[in-house]
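One chain follows as structure tokens, the form predicted alone.
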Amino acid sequence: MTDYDIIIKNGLVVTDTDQKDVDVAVKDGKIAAVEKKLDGGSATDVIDAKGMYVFPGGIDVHVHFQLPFSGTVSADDFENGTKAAACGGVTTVLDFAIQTKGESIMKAVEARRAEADPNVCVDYGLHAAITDWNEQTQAEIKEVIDYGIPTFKMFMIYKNEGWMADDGMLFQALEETAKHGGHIGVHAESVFVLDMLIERYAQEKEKWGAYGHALSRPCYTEEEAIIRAIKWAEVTGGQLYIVHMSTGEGADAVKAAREKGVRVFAETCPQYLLLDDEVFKGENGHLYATCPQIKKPHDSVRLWEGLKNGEVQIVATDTCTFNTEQKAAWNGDFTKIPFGMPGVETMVPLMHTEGVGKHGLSLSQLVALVSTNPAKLFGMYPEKGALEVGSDADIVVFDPKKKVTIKAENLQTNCDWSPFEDWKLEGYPATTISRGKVVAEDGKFVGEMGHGRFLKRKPYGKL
């Protein structure tokens, strides 16, 4: 008889490829057995998952915890942000170490790890954001990848913040990362047209209110930047990842490029799938400002289509939490709204309710989009994103019948509002397990601060 730490019995195990009525056993932080009936073993903790799904833990590859931005710092720090992740069935997050101009990438990585390592409650990794391309940066690329950070981000906007990468920087970074198995994620918006339009609409900011944010960022400013970045990936042979894609036109561009053999992948986020820019016309429209912003209904339709047919490969959140007091800094000027919303805690249940329940995703597609595809593309598979013997025991027992009404006051996030306030969910995580430890039950955190660890990821995989 084998002694296990946890046995999950009677659930429907769902992976990106199939669904099986099997039990799952956990030992020393790893999955130790996946069998039809685990009657030949005992466990300290037996979880009866009858009537429930057993998913690999969610992976959010795009979060910004305690990010200094717009004169403030995002409200969910590494401790509470990872607690919120656990409560929502997310067991791995990827944050960002943003290079300071004139300094090394590794200095930013070390500083970010110092903030995160003692505090994270689930496992985390980092992307390295490149803001300064020079001989030192180029020489560091292989070092950073060997360190365990094979994914980089470049911003095609944010001139004033000192973060912007011009086309020459992006071109060279795609060349260099391609040599060593890395990829470049881009925030794709056309900076010069964007800034011109922002200035134009800001002249009548009292007239437009928060809706000026939407008017100044039309869909073509994202579409053009995506097409341009794709061209640089095509001619360099680099691998490109479009972060927080918000437009249907962007999905069309990615599809066309992939059909030509360009190595480009894309993520979208729940806010672009479930909301439209009418939110900016409401009394609290400024709360919804993100960058890029929520677009039109036709964009949501096209993005759902892209998820269903594999043209968009990943759902992430771009979590960057600002509470109502922080958002109030706009004071009627849409150009001064801190960009960002909470999201990591509600991603998995929203995608179940809306994606599976209303938009035709299968359960296996759900698992692929929020777990397995991120694990594969970001160098974590099969340790993450899988329910296989030897994989990390990152597991979500998900109750598909549990009814929850989203209320900010009931969530773990430090945010005092939710973009999905009063939305009705059908299905919610009952138990979240991170590396063999139960860290959340019924939406409440029960784990320990510091349980999480930094992930040294491998060069990119394939989908």
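Remember, predicted model here, so these are calculated numbers, not experimental data. One rule holds for the numbers: they count along the sequence shown, beginning at 1.
Keep in mind that the form predicted together with N-(aminocarbonyl)-beta-alanine (URP) is not shown, yet the notes after this line are about it.
**Asked** Do heavy atoms from each of 147, 184 and 457 fall within 4.5 Å of N-(aminocarbonyl)-beta-alanine (URP) in the model of the complex?
**Response** The answer is no: none of the three residues contacts the partner (heavy atom, 4.5 Å cut-off).
**Asked** in the model of the complex, which of the stretches 57 to 65, 409 to 417, 390 to 398, 432 to 440 has residues with heavy atoms within 4.5 Å of N-(aminocarbonyl)-beta-alanine (URP)?
**Response** Heavy atoms within 4.5 Å of N-(aminocarbonyl)-beta-alanine (URP) in the model of the complex occur in 57 to 65.
**Asked** Just one of 222, 318, 76, 345 has a heavy atom within 4.5 angstroms of N-(aminocarbonyl)-beta-alanine (URP) in the model of the complex, so which one?
**Response** None of the other options qualify; the answer is 318.
**Request:** Heavy atom within 4.5 Å of N-(aminocarbonyl)-beta-alanine (URP) in the model of the complex: which of 274, 291, 105, 303 fits that? Just give me the one.
**Result:** Of the listed residues, the single hit is 291.
**Request:** Look up in the model of the complex whether residue 423 has a non-hydrogen atom within 4.5 angstroms of N-(aminocarbonyl)-beta-alanine (URP), and give yes or no.
**Result:** Because no heavy atom of residue 423 falls inside 4.5 Å of N-(aminocarbonyl)-beta-alanine (URP) in the model of the complex, the answer is no.
**Message:** How about residue 340 - does it come within 4.5 Å of N-(aminocarbonyl)-beta-alanine (URP) in the model of the complex, if we only consider non-hydrogen atoms?
**Reply:** Taking the distances in the model of the complex, the answer for residue 340 is yes, it comes within 4.5 Å of N-(aminocarbonyl)-beta-alanine (URP).
**Request:** Could you confirm whether residue 158 comes within 4.5 Å of N-(aminocarbonyl)-beta-alanine (URP) in the model of the complex, counting heavy atoms only?
**Result:** Residue 158: yes, in contact with N-(aminocarbonyl)-beta-alanine (URP) in the model of the complex.
**Message:** With a cut-off of 4.5 Å between heavy atoms, is residue 153 one of the residues that contacts N-(aminocarbonyl)-beta-alanine (URP) in the model of the complex?
**Reply:** Yes, residue 153 lies within 4.5 Å of N-(aminocarbonyl)-beta-alanine (URP) in the model of the complex.
**Item:** Residues within 4.5 Å of N-(aminocarbonyl)-beta-alanine (URP) in the model of the complex, restricted to 233 to 260 and counted by heavy atom
**Value:** Only 244 sits within 4.5 Å of the partner.
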